[in-house]
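One chain comes next, on its own, written out as structure tokens in the form predicted on its own.
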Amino acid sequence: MSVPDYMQCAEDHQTVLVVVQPVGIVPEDQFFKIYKRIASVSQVNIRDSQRLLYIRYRHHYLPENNEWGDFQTHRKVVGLICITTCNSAKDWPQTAERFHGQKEVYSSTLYDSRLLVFGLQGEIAEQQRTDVAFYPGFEECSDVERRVEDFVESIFIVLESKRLDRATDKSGDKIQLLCVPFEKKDFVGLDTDSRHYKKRCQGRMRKHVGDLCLQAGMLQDALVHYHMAVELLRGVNDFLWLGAALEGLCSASVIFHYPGGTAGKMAARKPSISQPADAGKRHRPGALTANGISADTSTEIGRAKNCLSPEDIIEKYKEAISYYGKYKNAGVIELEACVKAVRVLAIQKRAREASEFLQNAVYINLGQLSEEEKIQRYSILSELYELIGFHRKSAFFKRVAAMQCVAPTISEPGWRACYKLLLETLPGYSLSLDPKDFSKGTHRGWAAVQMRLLHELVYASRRMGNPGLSVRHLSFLLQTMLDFLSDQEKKEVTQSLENYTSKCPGGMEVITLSDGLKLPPVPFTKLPMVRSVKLLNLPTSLRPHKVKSLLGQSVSTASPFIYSPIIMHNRGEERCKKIDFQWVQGDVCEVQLMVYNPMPYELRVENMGLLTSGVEFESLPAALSLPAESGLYPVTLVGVPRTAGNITVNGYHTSVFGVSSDCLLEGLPSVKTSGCLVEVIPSLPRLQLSTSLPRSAHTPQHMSKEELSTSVSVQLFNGERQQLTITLENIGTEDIESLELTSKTVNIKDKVFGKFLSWDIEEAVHQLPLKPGQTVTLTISIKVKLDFSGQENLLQDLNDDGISVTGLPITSPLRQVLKPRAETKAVSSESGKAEYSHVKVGRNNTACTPR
């Protein structure tokens, strides 16, 4: 026997093996549909005996494994069900011949067989036969399950007769020596009359009868026969069969202690009638006699003595495996025993001891295995390690199985199977393909192993012919493992990424694999790294200002109450994010990011712009080049809101190494921000102002930061008058509907009295509304008129003031662009002379208000 059955468990020892196979041409989907219906009859309550017969179905079974049926009867094929199609009566003889040929393969062990024929109608189909069932089609076979139950009952009858025949004491007859295939040549020429030989025959037959009792539902009798077989075989040092007797004893005890089974994912078996309902609680087997009905208390006591305790079960498994290990040709039996013991230990939650059995299974030599058998072996080892909670060990063997799929000796490497197995190893190495899981705190797992696995995923996906998948995994590697990559590795990874993206650019779409697994996008939030985000106010000349006369209209009258805790609560939440300035529709708005380059070489970032929501926003992408390990570097991203409302800056987008990324601020807890919500008000007029006076060389000292001034200067004598021309041009896209002009005088000594400015705005108002591109001219008269009476030291004080600059700061309550120009020459005077008739005019602020 060269091919192990890795799915075996201890309770399989009480099952009978039935093979279900197609004969002739049968559609695969239809075959497995009928096979599932047949396999649903996994246990049958035998009439008149109140015993359960358990059935194990296989659709493929090697005939060479059948040769070990005397060694362990659950390996013997005792039933055969063939499924075939036959459309005409002339094809029936050939179909029947094929069925008989299939029976010949297992003829040495077969108890009974059945043929299910689909598609044949007519005289032949109307014949009543016990071994053949005819059905018009695959959809018209409602009694398949009932026929299978009848078939199982016929198997039980043969099984019971064999059990009774071999269990009967025939002291006068010679007992047959049961052998495994490789033993037959060793017993040629032995003295069959020796005491040693007879005890060997008795011991092996006792063990064989124990197997039959266990299959027939005679748990108590099976325990007794196994114990007797152990004593007989131990006395003649028949270690191979002694191991089988010990394993049978373990299996019978496991069946009693764990009626739900040890197969894990398999459905729990229903407790048989022969087992009491509280058997699992009392840990003593149900009394079984020849008819399977509970007997008296003395039998209960005897059975409790024969049944192994949970701890003894493992010890006997160890002993049995040690005996199997003495025989080179029993490697499959030894491996399967290890697997069964591991499943029992998993139920007992003894993971460390289970790992010892698995470690032993790894080193069992099964000879020359095919690549498929190696893959299956490593995959099962991985599943068993997962069963006992050794997740990283499980991932290791699954990764070995993945590498075996693409071994150099395979002519057609299975890269898809390799990729699928590699994906299954990710949880064992604390890896997730969602980058959000790596922003929640400290790194989990061994980074070096994780990077190796990610590289293997990249290579496997490339060999699969899926460059988009390679880009996604390589992007994930660069984003999540950046802190663990050396400078040389960073360079190699980025070069590989650029090579891949030249053929298939990376994006933010979700990649869905064929099995339904979805790979989330991987934004490059570390290339470059962003430390802070700050929304900038508009330039002073573009900032909106509320008109004072309209201020009262903007006060909310939504609530009649002076204080409302709900309103205050909402304001508190809004204050956490909302900025206290406004942006204007149609104007260029700016957001400043403090970024740095963690790479050891220059980093080029292309198509960097803002991600916003709330209003329509036109982002103006930027490109930047950051020097190697640059440190914090300010980057200003700009855009134009096209509609009014509240706009939220959600993040930014970049294109690095050919991979487009959408980086959201909510996923970057380390980024500092003073708020991301700002109000966008509708478009406002833009007013440009120019004057006929020359620009002043000095800046007014008493202007507030919100006020913007254009300073012009003029020197006049007391009583002198001069005309000032102000030209206002609408350089925006909105009409200017109203215009106001105000002035104020600034002088810190309060010693100068009089009115200096006068104007007539009516003519300019009549030209409103001012269309875009139109201009309007205002004439302002400047007249110096001072009263010196009663001011003895006034002239000296004025002279002590030094040079005073006449300022005409023009401010707009809304906004403006100021481009002053000097169109007339300055009035020449000698300010250093002490001429009492020459006075310096104080600063005057003139405000023009377009509406």
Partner chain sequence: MAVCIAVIAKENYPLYIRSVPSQNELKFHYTVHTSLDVVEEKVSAVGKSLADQRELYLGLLYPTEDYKVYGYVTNSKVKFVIVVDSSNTSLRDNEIRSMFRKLHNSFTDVMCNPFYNPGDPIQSKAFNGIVSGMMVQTG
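Residue numbers count along the first chain shown, from 1. Keep in mind that what you see is a predicted model, and the values were worked out from it rather than measured.
There is also a form predicted in complex with its partner chain; it is not shown, and the following applies to it.
Asks: Which one of K518, K328, R452, R146 is close to its partner chain in the model of the complex, taking close to mean a heavy atom within 4.5 Å?
Replies: Selected residue: R452.
Asks: Using heavy atoms only and a 4.5 Å cut-off, determine which of W759, Y197, Y596, W446 is in contact with its partner chain in the model of the complex.
Replies: Exactly one listed residue reaches within 4.5 Å, namely W446.
Asks: Just to confirm the contact call: exactly one of 328-336, 351-359, 644-652, 231-239 touches its partner chain in the model of the complex at a 4.5 Å heavy atom cutoff, so which is it?
Replies: One stretch meets the cut-off, namely 351-359.
Asks: Would you classify G428 as touching its partner chain in the model of the complex, given a 4.5 Å non-hydrogen atom cut-off?
Replies: G428: yes, in contact with its partner chain in the model of the complex.
Asks: Check R399 for me: does it contact its partner chain in the model of the complex (non-hydrogen atoms, 4.5 angstroms)?
Replies: Yes, R399 sits close enough to its partner chain in the model of the complex that at least one of its heavy atoms falls within 4.5 Å.
Asks: Would F390 count as touching its partner chain in the model of the complex under a 4.5 Å heavy atom rule?
Replies: Although its partner chain is absent here, F390 would touch it in the model of the complex, with heavy atoms inside 4.5 Å.
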